[in-house]
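Below, in structure tokens: the form predicted on its own, a single chain.
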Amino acid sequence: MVKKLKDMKFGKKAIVRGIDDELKSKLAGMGIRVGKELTFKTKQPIDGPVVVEVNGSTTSMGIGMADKIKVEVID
């Protein structure tokens, strides 16, 4: 099932399936690219940052960015 990263549940794994063009280079620097597997760690309340793990590293991003990333949940 494909959904937005911001809508994932805690602890779930997913494969990145799509990223809005304007964010691709910025997210690539964070290790997030189409085809990469990530784990959803946490989302802070009231539209706070989203925290994910990619390649063993933890990174965070604003909810607006997470809204522009499409993932396929695998676990």
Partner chain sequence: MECEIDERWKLVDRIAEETVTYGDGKTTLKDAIAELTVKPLTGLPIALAVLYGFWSFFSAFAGFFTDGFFVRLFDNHWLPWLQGVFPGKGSWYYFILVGDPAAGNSFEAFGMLTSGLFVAIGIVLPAITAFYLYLIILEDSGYMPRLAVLIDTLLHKIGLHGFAIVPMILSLGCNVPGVAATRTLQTKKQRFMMITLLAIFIPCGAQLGVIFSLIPEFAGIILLYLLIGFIFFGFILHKVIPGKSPEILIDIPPYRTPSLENVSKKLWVRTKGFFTTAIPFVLLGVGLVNVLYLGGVIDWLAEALGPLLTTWFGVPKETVGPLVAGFLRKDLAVAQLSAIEMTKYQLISSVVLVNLYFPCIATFIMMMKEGSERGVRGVLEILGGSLLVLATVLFIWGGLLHLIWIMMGVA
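Given the structure is predicted, the values throughout are model-derived calculations rather than measurements. Residue numbers count along the first chain shown, from 1.
Beyond what is shown, the protein has a form predicted in complex with its partner chain; the following relates to that form.
**Q** Check whether residue 62 has any heavy atom within 4.5 Å of a heavy atom of its partner chain in the model of the complex, and answer yes or no.
**A** Within the cut-off, so yes.
**Q** Would residue 13 count as touching its partner chain in the model of the complex under a 4.5 Å heavy atom rule?
**A** Although its partner chain is absent here, residue 13 would stay clear of it in the model of the complex, with no heavy atoms inside 4.5 Å.
**Q** If we define contact as a non-hydrogen atom of the residue within 4.5 angstroms of the partner, is residue 27 a contact of its partner chain in the model of the complex?
**A** Output for residue 27 is yes: heavy atoms within 4.5 Å of its partner chain.
**Q** 2, 4 and 18 - do all three of these have some heavy atom no more than 4.5 Å from its partner chain in the model of the complex?
**A** Negative, none of the three is within 4.5 Å.
**Q** Under the 4.5 Å heavy atom criterion, name the residues of 30-56 that approach its partner chain in the model of the complex, in sequence order.
**A** Sequence-ordered list: 30, 33, 41, 42, 43, 44, 45, 46, 48, 49, 51, 55.
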